[in-house]
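Encoded as structure tokens, the following chain is the form predicted on its own, with no partner shown.
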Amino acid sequence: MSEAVMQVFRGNREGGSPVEFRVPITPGMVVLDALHHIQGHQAPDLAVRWNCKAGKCGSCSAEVNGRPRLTCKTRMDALPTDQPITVNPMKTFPVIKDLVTDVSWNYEVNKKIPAFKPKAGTDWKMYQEDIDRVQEFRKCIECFLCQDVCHVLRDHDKKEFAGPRFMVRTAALEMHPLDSADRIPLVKKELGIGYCNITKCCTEVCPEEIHITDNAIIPLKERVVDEFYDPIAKLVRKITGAK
């Protein structure tokens, strides 16, 4: 039976370092299986967050060989075994212990986004073509891999930019055919969409293959431009006195 050498981060808020483990590889094994083997045989106090092991709960996010991934969907046989496999916590968020990070900031951002507000007097009739656009966004499992890979969140103050996950949530609401709320001022000012320079790194790591940049962020940027920078709209507002 072949073995893999794994370098797993061990530590907490004060600091830490990678610790090397040897794990036997079995057919169909994923990185989360390897972490469970380490827990069961070598380091029972290894902290790992997980739940469904089916790629739907978004709990087991980590960085494997430097790339944000779900450990339950990352097959061991897809990784090179001629060098150690590194498993580290998501860099964008504070470490609690080992591979578990504090992602509570995301839920604080989520509170800023107004909920669905149905149009008055609507009969709730919708056509499939109206639904197709927003249905993609509902696949998000809140693994926060897109938040982790976003260089704006990594390199700048997270209070300035909400991140890709919440552009997806806002887009799902803004593009809903029966929603009446206007969240575009929020997107511009508090969610900081101007910080995104559409590198598409968030789209590349999304396990649900949501086209975050093309289908959520760029359309929201276009709406911000229409509402705040369109010269014709500004002229109409100036003439009519509308805000």
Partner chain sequence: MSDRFETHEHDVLIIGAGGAGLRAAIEALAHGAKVGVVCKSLLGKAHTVMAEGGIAAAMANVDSADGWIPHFRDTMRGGKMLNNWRMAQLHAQESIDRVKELEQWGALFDRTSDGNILQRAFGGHTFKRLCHVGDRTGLEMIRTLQDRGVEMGVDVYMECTITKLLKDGDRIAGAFGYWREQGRFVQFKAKSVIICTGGIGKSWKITSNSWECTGDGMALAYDAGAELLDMEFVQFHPTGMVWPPGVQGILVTEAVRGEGGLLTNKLGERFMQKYDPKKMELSTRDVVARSIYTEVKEGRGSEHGGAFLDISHKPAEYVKQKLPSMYHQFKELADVDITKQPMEVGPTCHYMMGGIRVEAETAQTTVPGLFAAGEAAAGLHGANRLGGNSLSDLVVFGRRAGLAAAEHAKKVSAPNIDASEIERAEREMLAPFDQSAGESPYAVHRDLQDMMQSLVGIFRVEDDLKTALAELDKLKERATKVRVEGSRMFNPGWHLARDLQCMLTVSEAVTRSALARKESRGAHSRIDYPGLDEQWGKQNNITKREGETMMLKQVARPPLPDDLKKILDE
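Numbering follows the first chain given and starts at 1. These figures come from a predicted structure and were not determined experimentally.
There is another form of this protein, the form predicted together with its partner chain, and it is not shown here; the text below is about that form.
Visitor: Thinking of 46, 135 and 140 as one candidate spot, does its partner chain come within 4.5 Å of a heavy atom in every one of them in the predicted bound form?
Guide: Yes, because 46, 135 and 140 each have a heavy atom that approaches its partner chain to within 4.5 Å in the predicted bound form.
Visitor: Consider the chain as shown here, without its partner, and state which of 182, 204, 190, 33 has a heavy atom within 4.5 Å of its partner chain in the predicted bound form.
Guide: The residue from 182, 204, 190, 33 that makes the contact is 33.
Visitor: Would residue 118 count as touching its partner chain in the predicted bound form under a 4.5 Å heavy atom rule?
Guide: Looking in the predicted bound form, residue contacts with its partner chain include residue 118, since a heavy atom lies within 4.5 Å.
Visitor: Looking in the predicted bound form, any heavy atom of residue 125 within 4.5 Å of its partner chain?
Guide: Taking the distances in the predicted bound form, the answer for residue 125 is yes, it comes within 4.5 Å of its partner chain.
Visitor: Within 4.5 Å, heavy atoms only: does residue 213 come near its partner chain in the predicted bound form?
Guide: Residue 213 lies outside the contact set for its partner chain.
Visitor: Applying a 4.5 Å heavy atom distance criterion, does residue 199 contact its partner chain in the predicted bound form?
Guide: Result no; residue 199 lies far from its partner chain in the predicted bound form.
Visitor: Go through 50 to 67 residue by residue and record those having a heavy atom within 4.5 Å of its partner chain in the predicted bound form; state none if no residue qualifies.
Guide: Counting only heavy atoms within 4.5 Å of its partner chain in the predicted bound form, the contacting residues of 50 to 67 are 50, 51, 52, 53, 54, 56, 57, 58, 59.
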